[in-house]
Structure formats: structure tokens, C-alpha cells
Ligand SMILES: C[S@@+](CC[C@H](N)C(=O)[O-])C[C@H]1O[C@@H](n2cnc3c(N)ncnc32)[C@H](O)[C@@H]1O
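In C-alpha cells, the next block holds one chain alone, the form predicted alone.
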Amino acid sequence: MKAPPERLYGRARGHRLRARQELLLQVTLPRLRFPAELAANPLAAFAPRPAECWLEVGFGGGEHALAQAAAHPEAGLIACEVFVNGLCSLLSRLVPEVAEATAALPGNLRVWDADARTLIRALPPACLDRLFLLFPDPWPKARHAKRRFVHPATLAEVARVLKPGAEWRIASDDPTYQAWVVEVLAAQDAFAAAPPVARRPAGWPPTRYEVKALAAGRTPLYWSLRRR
């Protein structure tokens, strides 16, 4: 199977940004950005130093990332997102108006605003305790399958950075992507994967995409994988 391209995502910007959003990107995002130079020692990016390191690939509007960071102060979460409007959504939830430069920010949350795979390749082996991939772009057309994050060529890198016993959570409401995940997982041995469930498990904060899926009558599936 052909390896994924260097760019998995589509557009990086949606509707025109308001002045407040532009200010958040200019002033607040640099205060939260995960420093690339610390990729070899990711726990050093957080203050205080956490006991665990978690990674979310594509946080969307940021609801899940913020909920996890608030509920688990013992874990440092690197939240990845390239879509500018999604970045603004997370930042606006964190920062009150006119406090972009001074608002207190969570010490256990950092943002990576580039392709998550670039960071994953730079991380040291067995450094992550948990990985989240929730409602990713399904790239439903067959010719776009190479752009899906769940891909045989990507699994080896994901397995490399996850500790033995670490959890990888995947959720999707798209039937094509659901079938693809089943197919890819059946052909690998790095992860132990129980059959997916159709109800969001406890401890999985909801996302706006899940809400939209349920409202549209689609049935999400949720996988919990364990690194062998």
C-alpha cells in the first residue's frame, strides 16, 4: 500500500477571522505552542512537569482537549490541530476578552499547530501514555485513503512512540472510515483491539462532531487499543 502523503489535511482555514481571533493567534497561541526543540523530551514542555504525556491528533473545536486537561492535571496533553478556526475556538474558550497576553493558561496543555505526524516522528520511543484520534476527516473517496491517519504506514510510528500498555482511542461516525479502521487493525499486531462499541465510554468527553453525528442519525463507533 502506498505511503501517506506529507500532507494529510485539506484546507487550513475556513471563514474569515475576526479581529479577536487574529489577536489570539498572534498573542495567545505562542504562549501555548509546544516547542519543536523539546520534542526529544516532551515532558519538559509542561510546568509543573507531569507524570504522563498524552497526544491528541486533530482536536477540532478543542472541547475534548480542554476537558481532558482539566480532568487530568497529572497528564501533559499536546493537542494538535492545523485548522486555524479550530485553533481559535480552543483559544477563545481559554482566554477572556482583552486578556490575550495576560490570562493564566493551563500548565498541562500545549498546542502543536502543524501536522501531528511531524511531531510524532520527532518524539522519542515509548514516550506517550495515551493517544486520541476522535472523528478525524474520513477522506471517504477511495483515492483519498492514503490521507487517513489510520494507515498501515503510520501505525509503525504510532506504535513506536506509545509505551507498552498505553491506550489509543479512536472514534468515527463515518461508515467508510469505520470499515477502514477494522481492515487496518486486522492486519497489524502492535495493538490489542477489542471490538468497537457504539456508545461513548465513560471518561471520553464529547466533541461537537459527535453531537452533529448523533443529530444526523449516524452511529459513532469507539475503539480502545492497547500497545502490546
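This one's a predicted model, so the numbers in the text were calculated from it and none came from an experiment. Numbers follow the displayed sequence, beginning with 1.
Not pictured, yet referred to below: the form predicted in complex with the named molecule.
- None of the heavy atoms of A156 is located within 4.5 Å of the named molecule in the model of the complex.
- At least one heavy atom of D115 is located within 4.5 Å of the named molecule in the model of the complex.
- Although the partner is absent here, C80 sits close enough that one of its heavy atoms falls within 4.5 Å of the named molecule in the model of the complex.
- Not displayed here, the named molecule is kept clear of L91 by more than 4.5 Å at the level of heavy atoms in the model of the complex.
- Figure note: of the listed segments 57 to 65, 44 to 52, 183 to 191, 26 to 34, the one touching the named molecule in the model of the complex, with heavy atoms no more than 4.5 Å away, is 57 to 65.
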